[in-house]
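Presented as structure tokens, the chain that follows is alone, the form predicted alone.
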Amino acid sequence: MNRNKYLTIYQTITREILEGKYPYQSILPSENKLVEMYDVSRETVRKALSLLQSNGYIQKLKGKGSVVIFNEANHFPVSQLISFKEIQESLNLHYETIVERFEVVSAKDFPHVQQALKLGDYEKLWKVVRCRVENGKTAIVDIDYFIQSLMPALSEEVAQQSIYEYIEDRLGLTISFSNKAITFEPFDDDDFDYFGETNPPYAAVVRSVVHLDDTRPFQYNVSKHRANEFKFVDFSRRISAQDE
């Protein structure tokens, strides 16, 4: 028997998960069944399952089996500057966007936003709260603050579609870069309202300040994800001394 047979099983099941044969929260066939399916030893199957678990595709639960925990929502490109609409199209996701709040607020009422966007006390902000919903369940809550004077005609209809598309295509502005920070925080009252009961009641919170190509900050975003379903995925390469 090929000593790397477990890698073949791992790759096969990974592909089947990605293609939807084993969707999120479904149960893989039992170890006994996998032994029969692939005509291998139990040890080989267990090595393949361990690798699937290590790489975030399944969680082995005693008395239940191997539960698929891979979900495209967990793999949003957090490190990229991209609109939610573009994420959906690139990952072939199907979320409904619900605009929960769309209002004008004073910068001075949100000191952390005011400081990040370098605004005076009497400047105004659009505050937009949008829930990203899949199968009746809120997966992400986006809370955005935009400088009103830069986009005075922003509307709830635009917020329902794509604010970035509006900024770039209709206003002719160029969105350039952002600074982001990720923290894990207990639910507040609004989080319970939007997400419902969740165990544990924590959110992975991605805060970012987004700038135009002339370096002006124009958006403060707070993106909240269920902590038990959040996975930050990025690619890093160590720079050797020769490259420095």
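Counting begins at 1, following the sequence as shown. Just so it is clear, the model here is predicted, and its values are computed rather than measured. In this text, the rigid core denotes the largest set of C-alpha atoms whose superposition between the two forms falls within 1.5 Å.
We do not show the form predicted in complex with the DNA, though everything after this point is about it.
- Task: Indicate whether the DNA has at least one heavy atom within 4.5 Å of a heavy atom of Pro201 in the model of the complex.
- Result: Judged by the heavy-atom cut-off of 4.5 Å, Pro201 is well away from the DNA in the model of the complex.
- Ile182 within 4.5 Å of the DNA in the model of the complex, heavy atoms: Close contact is absent here: in the model of the complex, Ile182 is far from the DNA, nothing within 4.5 Å, heavy atoms only.
- Task: Considering only heavy atoms, tell me if Glu31 and the DNA come within 4.5 Å of each other in the model of the complex.
- Result: It does: once the DNA is placed as it appears in the model of the complex, Glu31 has a heavy atom within 4.5 Å of it.
- Is Val40 a contact residue for the DNA in the model of the complex, using a 4.5 Å heavy atom cut-off? Within the cut-off, so yes.
- With the partner removed from view, which of 171-179, 56-64, 215-223, 193-201 is the stretch that lies within 4.5 Å of the DNA in the model of the complex, judged by heavy atom distances? Among the candidates, contact is made by 56-64.
- Does each of Thr97, Arg132 and Lys137 have at least one heavy atom within 4.5 Å of the DNA in the model of the complex? Not one of the three qualifies.
- Query: Can you tell me which residues in 4-30 come within 4.5 angstroms of the DNA in the model of the complex, by heavy atoms?
  - Reply: Asn4, Lys5, Tyr6, Pro29, Ser30, in sequence order.
- Task: With both forms fitted on the core, give yes or no for whether the Cα of Ile9 moves by 2 angstroms or more between the shown form and the other one.
- Result: The answer is yes; the displacement is at least 2 Å.
- Message: Checking Ile182 here: with the core superposed, does its CA move 2 Å or more between the shown form and the other one?
- Response: No, because once the rigid core is superposed, the C-alpha of Ile182 moves less than 2 Å between the shown form and the other one.
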